[in-house]
Ligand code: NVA
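One chain comes next, on its own, written as C-alpha cells: the form predicted on its own.
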Amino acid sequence: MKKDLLSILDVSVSEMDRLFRLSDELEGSKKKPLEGKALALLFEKASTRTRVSFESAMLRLGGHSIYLESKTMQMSRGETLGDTAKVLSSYVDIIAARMYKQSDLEELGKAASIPVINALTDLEHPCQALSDVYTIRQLMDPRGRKLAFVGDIAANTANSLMVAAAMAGMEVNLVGPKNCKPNMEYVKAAGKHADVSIFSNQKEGLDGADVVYTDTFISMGQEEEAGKRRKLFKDYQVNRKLMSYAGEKAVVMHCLPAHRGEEISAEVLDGRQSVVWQQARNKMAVEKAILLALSNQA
C-alpha cells in the first residue's frame, strides 16, 4: 500500500484482498506486533464506532491511542495543519484523522512523515467501505452479486463503497432522487471493475439486489438543510416495501448511526435480513489489518 490511506482509490484489488486475509489471520490472535507504537486519533467530527474501533484495534495489537479533539488543540487557535502534522510525526507512529474536508486531510498527509488514515471526510469513508465489503465476503461470494445503495448517492460513504464493492466484483446500483447526482469520478473509478447503474425508480434499482445499503440522509455539517433533505429523500426509506423489491434473501446494511424511521425503518434495521451489527463489529477487524499494513508490520 501507499504510505497513507487517504482514499479508497489508494487501494488496489490485490491490496484489498491482502487486507481481508490479514483481518482473518488476526482474528483471535494474541500477538502484539505494534507494542510500543502510538496512534493519534485527530478528530474534528463526532464519532462512536470509528473512534472506539480504532482505539480497540490499536490496543489489541499492543499499541496505544491518543484521542485529539481538534477544538481542544492549537489548531483551533490557528496552527496550520502542516505544522500540526510535523509535530505529531515526531510523537506518534500513525495518524487516523476524521475531518470535514478531504483537502485538509490531504494537506495533513502531505506534511506528515508518518502514515495518515482517512477516518472520514466530506468526500470519503474508505475504512468503512473496506469493512463493509469484508462483511459481504463473510456472507457470500461477492463476485457477480449486486449491491444497491439507496438514498443519498452523493454521500461520502457511497463514494468509497461503490469503488470497494466494484473492486470485489459486485455490480452496483445507485438508487436516489433524480436531482441527487453521484460523484462521477467515483462512478468512473468503480466502472473500471464492474457495472455501475443509476436509478431514481426504487423498484427498478432494487430488483435483484443481494445487498441493500443505506446511510443517514443528513450528514454532519448538513444540519441546516435537514428539512429540505428529509423531503428530498423521504421516498427512499429502506422499509419493508422497498425490501420487497429486492427479495427475501437480500441483506440490509447501514454504517450507523441509524435514524430509525428516517432512512431506515426500525423493523428492517432489527429484522432478520439485517447484518448491521456484524457490519459494525467488523470495523475493528479491518482497521487492525490497516494499522499493521501501514506500519509495515504485515
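For every residue, the number given is its place in the sequence shown, counted from 1. Note that the structure is a prediction, hence the values are computed from the model and not measured.
The protein also exists as the form predicted in complex with norvaline (NVA); that form is not presented, and the subsequent description refers to it.
In the predicted complex, norvaline (NVA) sits within 4.5 Å of a heavy atom of Leu120. In the predicted complex, at least one heavy atom of Pro257 sits within 4.5 Å of norvaline (NVA). Norvaline (NVA) in the predicted complex is approached by Asn156, whose closest heavy atom lies within 4.5 angstroms of it.
In the predicted complex, at least one heavy atom of Ser219 sits within 4.5 Å of a heavy atom of norvaline (NVA). The stretch in contact with norvaline (NVA) in the predicted complex, judged by heavy atoms within 4.5 Å, is 156-164, chosen from 69-77, 200-208, 172-180, 156-164. Along 123-137, a non-hydrogen atom within 4.5 Å of norvaline (NVA) in the predicted complex is carried only by His125.
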